[in-house]
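Below, in structure tokens: the form predicted alone, a single chain.
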């Protein structure tokens, strides 16, 4: 797989996972930075009156944009009119919805607070990220089950490749709260990751380092089919990242899983690890589909 001026590359990575300091931690390699602590990391003026998923997303989005060199003291330094936000979250708004339903049942609609209503919208996370940085490009949320995170990367890449966006902030996020724990039937966890995607030529023009190149993607009814379609049998895979590997360490990740996998792949490749990297999600008996995405080192 040869890099071209049309390649879409990852230039920034950010995490908001308790105890982890950076993407290298997802691979078991210490990042050398202090681990994220929700008690201190989700506070401040920008976090007020926002649901937990949005606060997690804002934290890791800022880290990713800073890593990409796209924020300074005055805010976002890229093209605000053409920067997209794509979020993957299956359960991020569940708590807000449950609270609203409970309030209506007890007090009717007159008991609802205007401050809480945004938390019932599936697109609230993407909206808050866009508002925080003044991003006016395409804005959407993918709530697509097990494949949601990799699907979000695919849609973000396509928005850029089709000329609908000049760059994209991709966030995968799931919050820890009682509503999510009840839905899953097991303890929920705070997990969030953000990636900044740009055309390779744009990154090169501003001397930004590419972490990884987005390669072939496939979504099919079964995992074997998705892997075969994404790899095409053309190259040996240097590292395979499965959803089970990360969830065994972090707990249930749901819509954040695919984005976390790609963050780990970017850390592996930018650290000189052997590629290509294959990330896969879904394919379990309870899933309706499986997805696979190939990533390569920039310039290869």
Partner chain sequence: MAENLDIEDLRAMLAQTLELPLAEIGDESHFTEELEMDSLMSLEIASNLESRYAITIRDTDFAQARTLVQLHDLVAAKIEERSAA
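Just so it is clear, the structure is predicted and the values come from calculations on it, not from any experiment. Numbering follows the first chain given and starts at 1.
Keep in mind that the form predicted in complex with the partner chain is missing from the display, and what follows is about it.
Using a 4.5 Å cut-off to the partner chain in the predicted complex, not one of 75, 80 and 139 places a heavy atom inside that distance. Contact with the partner chain, judged by heavy atoms within 4.5 Å in the predicted complex, is confined among 185-193, 110-118, 155-163, 205-213 to 110-118. Interface membership of residue 59, defined by any non-hydrogen atom within 4.5 Å of the partner chain in the predicted complex, is ruled out. Contact annotation: residue 52 falls outside 4.5 Å of the partner chain in the predicted complex, judged by heavy atom distances.
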